[in-house]
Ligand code: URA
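Just the one chain here, laid out as structure tokens, in the form predicted alone.
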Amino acid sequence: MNILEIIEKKRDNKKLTKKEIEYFIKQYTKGKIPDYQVAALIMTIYINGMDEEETANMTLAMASSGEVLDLSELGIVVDKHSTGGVGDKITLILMPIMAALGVNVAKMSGRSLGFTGGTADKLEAVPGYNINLSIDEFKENVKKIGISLITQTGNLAPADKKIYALRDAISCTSSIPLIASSIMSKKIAAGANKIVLDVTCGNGAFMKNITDAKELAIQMNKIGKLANKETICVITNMNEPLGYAVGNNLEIIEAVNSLKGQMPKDVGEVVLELGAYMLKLAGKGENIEENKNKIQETIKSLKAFHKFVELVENQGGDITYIENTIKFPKAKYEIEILSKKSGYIKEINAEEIGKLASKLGAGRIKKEDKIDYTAGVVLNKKVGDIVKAKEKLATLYTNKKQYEKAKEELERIIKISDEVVEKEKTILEIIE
């Protein structure tokens, strides 16, 4: 067996065997196959696709290319993963809720490249919060307080890291089998028993339309089952940013306010839906509506907020910032965007808002870029809302003196119509 034969086989649109997939993953991870040959193979996969069996075999081979965490001593662990979006602070809100309801939360979150910061970046916006723990410390925290949120650590799915970087370099990122195997290999390696996936769909997501989002969800659902990881996918709308805040400090503040009961409607819908299915998988309740009621009660009683405080304190963070969010530093410049006319909010393109926030300093283009935790955008309106002339639409936060172009860009992104605009659904479909 050699890599040339495997490339030729896939080039001719033939199915790869389990042994062939395992061979190329193992040898590439060891550095015994050069990038240019794997790039050729990835391009053939991008063009010709893979069937369900091939995708599952590639996922499992990548998952076992490095360390696979054993979290069995923690009992049932339900992981949650989002395929990405703008203003996505769901992990910060949902995971303390789950821990307060007795579900063990052992979650690794990534950093961001492009758009705004990842969950790991947002947590690091809290002074002192230690995102880098050993696996033993990670497990001990879960045993102690029922929750630990850290950054991706250890030698988890190294094959995926190499292949992902290669896909990016040769413009082969938008392949459903490659996306599905990338996400699920990390989830399987991270050791959770059960998985709830938030598959975002829209202009601010990787999957731009419901057809592709559904296909991805079905693929990941099947991979999860083949790996004996019960998996549920919730397809959510990402045409406009989730919530109002986009940016690290700004999203932490919105998450804290949400845990105190001041939750934006769309954020609440995602939290309730994902949370209800997480409780079901954890054996905490079969009835989805009853599970949603439990979540609402946990927020109302402030048990979830106190669990978040406990999490931050346990990982070295300064809880005074959580107890009083006014302590978070502010950007030097705060620029208000006022409506030039009355009407209805027609569009707030999530992708464009994300890119704008990144330009302001809230995200990174290269891995080594430093994030400005104070930068970002806070919206005052959502699609479908009524707006009056000279009413505030949003505020820009930046430490960059040249903000006029950003202001003009935001004014262009928020589109206003004279006609009534219907609000879009937040939860689009459930794949069990």
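It should be emphasised that the depicted structure is a prediction, and the values quoted were computed from it without experimental measurement. So that there is no doubt, residue numbering starts at 1 and follows the sequence shown. By rigid core we mean the largest C-alpha set that fits within 1.5 Å across both forms.
In what follows, reference is made to the form predicted together with ligand URA, a form of this protein that is not presented.
*Asks:* Could you check which residue among V309, I179, L281, L226 gets a heavy atom within 4.5 Å of ligand URA in the model of the complex?
*Replies:* Going through each option in turn, the one that passes is I179.
*Asks:* Given that ligand URA is left out here, which of Y164, Y244, F138, F328 has a heavy atom within 4.5 Å of it in the model of the complex?
*Replies:* Contact residue from the list: Y164.
*Asks:* Ligand URA in the model of the complex: within 4.5 Å of a heavy atom of each of H81, I183 and F206?
*Replies:* Checking in the model of the complex: H81, I183 and F206 are all within 4.5 Å of ligand URA.
*Asks:* Heavy atoms within 4.5 Å of ligand URA in the model of the complex: which stretch among 248-256, 164-172, 336-344, 95-103?
*Replies:* Checking each option against the 4.5 Å cut-off leaves 164-172.
*Asks:* Does the distance between the two CA positions of Y164 reach 2 Å or more between this form and the one not shown, the core being superposed?
*Replies:* The answer is yes, as the C-alpha of Y164 shifts between this form and the one not shown by 2 Å or more after core alignment.
*Asks:* Honestly, after the rigid core fit, is A375 moving at least 2 Å at Cα between this form and the one not shown?
*Replies:* A375 C-alpha, core-superposed: shift of less than 2 Å.
*Asks:* Is Y46 one of the residues whose Cα moves 2 Å or more between this form and the one not shown, with the core superposed?
*Replies:* Yes.
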